[in-house]
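Only one chain is shown below, in structure tokens, and it's the form predicted on its own.
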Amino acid sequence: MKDQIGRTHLYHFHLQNGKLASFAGFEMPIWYKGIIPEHIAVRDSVGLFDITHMGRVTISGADVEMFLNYVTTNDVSTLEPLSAHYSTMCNENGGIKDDFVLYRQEENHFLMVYNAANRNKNFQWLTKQAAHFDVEIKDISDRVAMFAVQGPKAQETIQGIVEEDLRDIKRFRCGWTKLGDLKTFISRTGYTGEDGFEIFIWETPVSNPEKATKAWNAILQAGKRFDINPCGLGARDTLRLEAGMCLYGNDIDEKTTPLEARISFVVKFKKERFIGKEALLKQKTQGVKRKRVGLKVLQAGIPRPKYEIFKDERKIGYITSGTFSPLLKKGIAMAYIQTNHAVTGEEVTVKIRNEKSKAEIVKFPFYDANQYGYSRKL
């Protein structure tokens, strides 16, 4: 993977229908119709993403729970079979090596799905840490296709082509089913803020993509009545940013802790030990010096990563992710600023090119959660 560009099972579909670019060592679609229509399709109806470029490993064995509790920050013992949670792996300094979703498929068998850019790094890290545990780690990234069906019409789209009653799969639950005649693992999480499912087509190597193509086409056909859109990484990025979700390498990295990133809910200090615990405990006691916040730009201009943030002409932070929100029709961003200024409603200025634009610190998500997202009420 280091020596040549990667391609997923759906490469030829993407090549014929989308605009491709290099991402995390893969040729991936950035858009098909366009970022904005794909983004709105997910917020209003349903979209389909190829996310096979992500890393996937299975971890099993007699010591698997003990091992995963040591290398991850969340409490693995709380997971029942066919449930999942969001978590992080940290280094000894408490910096985030990666964030991921962990699925307990069976009592002693787990599936971990992490970021594409960290596939090799994470596998090597896990293997190294496993030396004194009775566990087996298998990289199945190139043997399982993975799609995301996201949006308020996601359940209706795929219900007719899977055996499982999707009402039984609650948020952060998972299960086995068949999509047509294909062995499929399905989960209900997502990276857009909307309701949705991850579809794992088992036993389908990249070198033999027919099963993956069949499943992809079946989902597109099932979603026709809802005007389903195949969606690229452009819309995936604007959607996750509107939802306030971190992108590894931009908003979190090995120099950023979960406490600074305001995802401390994934850190369970009651566990006896885990990598980074001492450093994180020290930071919790002393208090963090910076925090991740949301920024809504009040004037013209699109905020971009590395743009500086000021308060009363004094620099207090910088942007890590920024875009034009297709839903809100204004610039939004994630940023790290000094803790004493990380107050909802506070007004700051962002240096956009050579101009300083007013911005307001806001809560995540950026949209009204009563109208949009998986918990919408309208």
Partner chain sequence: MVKVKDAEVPEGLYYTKDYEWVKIENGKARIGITDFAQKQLREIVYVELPSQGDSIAQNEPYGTVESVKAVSDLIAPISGTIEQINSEVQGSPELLNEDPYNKGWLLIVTPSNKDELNTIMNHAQAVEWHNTL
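Predicted model only: the values in this text are computed from it and were never measured. Residue numbers count along the first chain shown, from 1.
The discussion below concerns the form predicted together with the partner chain, not included here.
For the options Phe133, Phe172, Phe185, Tyr307, the one in contact with the partner chain in the predicted bound form, meaning a heavy atom within 4.5 Å, is Tyr307. Only one of the listed residues (Thr157, Asn229, Thr73, Thr238) places a non-hydrogen atom within 4.5 angstroms of the partner chain in the predicted bound form, and that residue is Thr238.
For the partner chain in the predicted bound form, the listed stretch (63 to 71, 334 to 342, 41 to 49, 319 to 327) containing residues with heavy atoms inside 4.5 Å is 319 to 327. The partner chain in the predicted bound form is not approached by Val348, whose heavy atoms all lie more than 4.5 angstroms from it. Residue contact check for Ala300: one or more of its heavy atoms lie within 4.5 Å of the partner chain in the predicted bound form. The closest non-hydrogen atom of Val57 lies beyond 4.5 Å of the partner chain in the predicted bound form. Remark: Pro209 does not count among the residues lining the partner chain in the predicted bound form, judged by a heavy atom distance of 4.5 Å or less. Along 7 to 42, a non-hydrogen atom within 4.5 Å of the partner chain in the predicted bound form is carried by Lys19, Ile30, Trp31, Tyr32, Lys33, Gly34, Ile35, Ile36, Pro37, in order along the sequence.
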